[in-house]
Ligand code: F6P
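There is one chain below, alone, in structure tokens, taken in the form predicted on its own.
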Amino acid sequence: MAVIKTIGVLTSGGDAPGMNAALRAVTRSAIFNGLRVKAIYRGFKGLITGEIAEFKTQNVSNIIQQGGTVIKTARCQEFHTPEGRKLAYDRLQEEEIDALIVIGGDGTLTGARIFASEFDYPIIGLPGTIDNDIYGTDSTIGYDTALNTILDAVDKIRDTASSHDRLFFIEVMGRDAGFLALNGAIASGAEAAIIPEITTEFDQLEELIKFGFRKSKNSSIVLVAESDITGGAMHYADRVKNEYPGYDVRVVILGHVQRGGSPTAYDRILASRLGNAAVDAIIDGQRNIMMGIDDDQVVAVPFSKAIKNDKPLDRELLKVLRNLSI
């Protein structure tokens, strides 16, 4: 195995609060261990185009509290092709980068796994996504911050819902995962959450009405996970207007506000721990793994497991939400 002298680091896919904390941890841990660090701007796209700069300790000063990613992120269709990945590999060789740490979600880890297998190249992944949908880690970098952003928004919306006796459908992110919607509903005291994990099992709107979730309340809030499976908040609002015209319905789509903002203490600590562990893993000769957190312990998860397996949702939380929404 070749001696590792220089580590490359990039952020890819959707931005998530805490990515900068992870970048800081990777950079400083690598330098502490006598390694050079090269930051790759705009994800895999920047790897192909050569937007690469060496990072020193001062490059990551005063960024731990910042949202987004200071080295930018971008989608890259070219990296989906063998020709594009070959250009990326040639750039790594040209820059004398011996190993790569990638920070991103499912798509980022999938691309990293393909690239690593094609070129027998050492890559370590960090789970950076607000969706919390990566298998093998209790939490992903950015999830806790997004959850708190949702909580703050719902608290404000409830003031209006109560004042006007309205039913609000609030759409939150999560792709095809309901972690943000379900836990956001519990934390904010919402009456219900509509999530993709159970949409195909029964009609969630009929269940809400059948259980009389507004019998003892003048206003109600329902969190809906954005997804082609659920149809989103507008779908359910239209159904209520048609099927239950007695309700005064409003829709709020939180959108990209959930991605931004200063990361919470939890996300900063998680990102710092995982970034430091990623450098240690490279030094130890590990490759093709994602660093995650399990029962507050840092763990190494093979790319194959992190990508192929669906992260299970704790169904006990559905019971908690139902019991407390009366």
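For every residue, the number given is its place in the sequence shown, counted from 1. The shown structure was predicted, so the numbers you read here are calculated from the model rather than taken from an experiment.
The next section is about a form of this same protein that is not shown, the form predicted in complex with the ligand.
The ligand is not shown here, but in the predicted bound form it comes within 4.5 Å of a heavy atom of Gly174. For the chain shown alone, Arg259 is a contact residue for the ligand in the predicted bound form, at least one non-hydrogen atom being within 4.5 angstroms. Within 4.5 Å of some heavy atom of the ligand in the predicted bound form lies at least one heavy atom of Arg75.
Contact check for Ile141: every heavy atom lies farther than 4.5 Å from the ligand in the predicted bound form.
Note on the partner interface in the predicted bound form: the residue among Glu197, Asp98, Glu226, Glu191 having a heavy atom within 4.5 angstroms of the ligand is Glu226. Annotated contact segment (heavy atom within 4.5 Å of the ligand in the predicted bound form): 251-259, selected among 77-85, 251-259, 238-246, 113-121.
Applying a 4.5 Å heavy atom cutoff to the ligand in the predicted bound form picks out Thr129, Ile130, Asp131 from 108-145, in order along the sequence.
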